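Take a look at this single chain, the form predicted alone, given in structure tokens.
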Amino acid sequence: MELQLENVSKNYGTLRALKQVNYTFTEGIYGLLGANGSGKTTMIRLLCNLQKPTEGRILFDGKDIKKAGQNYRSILGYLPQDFGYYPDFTCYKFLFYIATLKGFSKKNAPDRIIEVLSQVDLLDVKDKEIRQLSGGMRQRLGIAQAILNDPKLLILDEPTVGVDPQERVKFRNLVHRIAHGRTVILSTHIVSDIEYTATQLLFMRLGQIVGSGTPDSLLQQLDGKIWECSVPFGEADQYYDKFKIISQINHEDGCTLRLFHEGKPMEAAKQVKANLEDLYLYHFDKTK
């Protein structure tokens, strides 16, 4: 299975939201990372065929999705950033409604609904009104409606915004469980959402992909560039003027600074292993 973007651009009036994007998605979990305004949501809308490219085309297994119509929608599952629902519907009733929209027969819908409710760990609350669910449970219900048609392509747009850390862990585990045999595209600006989930990463900035690859291959870019040093409180400010500081951790007798530098920045600095948060900040700093 291939989902291919060929020279895709998208304009909103004079604003160019995407700029000549080329990329091919295959089976796996893709983390699409970028700050607000980077072009992530525009790309998601184009991939879901909710909007049309200004230039270029998007192909699914060699066929333009603009012309595929229902054939493309039948293999697509989508959880938008603002997941709409009827608060007085029960989980089961809501999924039955979605199943009807997706063309399920009344005979086949019940078994599939029970199956997906089990997959997302909501079977025990299937008769509870959606208004009574926690934010995390509602997001899992959103994933349930997205996978109801057993899609080959699953797109999740900012799925953990406003969700507590415990629910984010459940979400990551759920994505792993349902990803086999699918292409999953997870758009987020929360690094921890994809740190233990994605097999491929794409970094977006100003409408372009500024970095892509496996987490390990991308982290190799930072070999020898991430350092930590302990300094007195009174001296910390001068290092902010000299170096790109990633973080500061305060202690009783001073603070530890984590920073980018091509070579050893000072005698007391120690080289440390890079993580995805370092990589995220590195990409968006170097493209300014």
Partner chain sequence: MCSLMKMEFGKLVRQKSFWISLIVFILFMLECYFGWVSPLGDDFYILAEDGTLLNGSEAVSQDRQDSERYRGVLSDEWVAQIVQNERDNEAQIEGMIQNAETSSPISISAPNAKRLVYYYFVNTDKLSGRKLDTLVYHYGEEELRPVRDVFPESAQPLYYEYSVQWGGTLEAVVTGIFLLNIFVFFGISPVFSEERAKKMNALLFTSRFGRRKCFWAKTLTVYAIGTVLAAGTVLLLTAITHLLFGTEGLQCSIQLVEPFLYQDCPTAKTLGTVIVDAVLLSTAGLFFTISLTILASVLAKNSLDAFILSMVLSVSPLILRIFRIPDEIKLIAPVNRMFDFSGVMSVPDVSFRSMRVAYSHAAAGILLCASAVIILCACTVYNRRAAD
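Numbering follows the first chain given and starts at 1. Please read these numbers as outputs of a predicted model, since none were measured by experiment.
Below, we turn to the form predicted together with its partner chain, even though it does not appear here.
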Note: its partner chain not shown here; in the predicted bound form, the stretch from 157 to 165, 76 to 84, 113 to 121, 174 to 182 having heavy atoms within 4.5 Å of it is 76 to 84
Establish, in the predicted bound form, whether C48, D88 and T100 all lie within 4.5 Å of its partner chain, using non-hydrogen atoms for the distance.
yes
Selected contact from N250, T26, Q70, Q220, since only one has a non-hydrogen atom within 4.5 angstroms of its partner chain in the predicted bound form
Q70
Heavy atom of F94 within 4.5 Å of its partner chain in the predicted bound form:
yes
Heavy atoms within 4.5 Å of its partner chain in the predicted bound form: does Q139 have any?
no
4.5 Å heavy atom contact, S187 and its partner chain in the predicted bound form
no
Using a 4.5 Å cut-off on heavy atoms, what residues in 109 to 148 are near its partner chain in the predicted bound form?
Q145
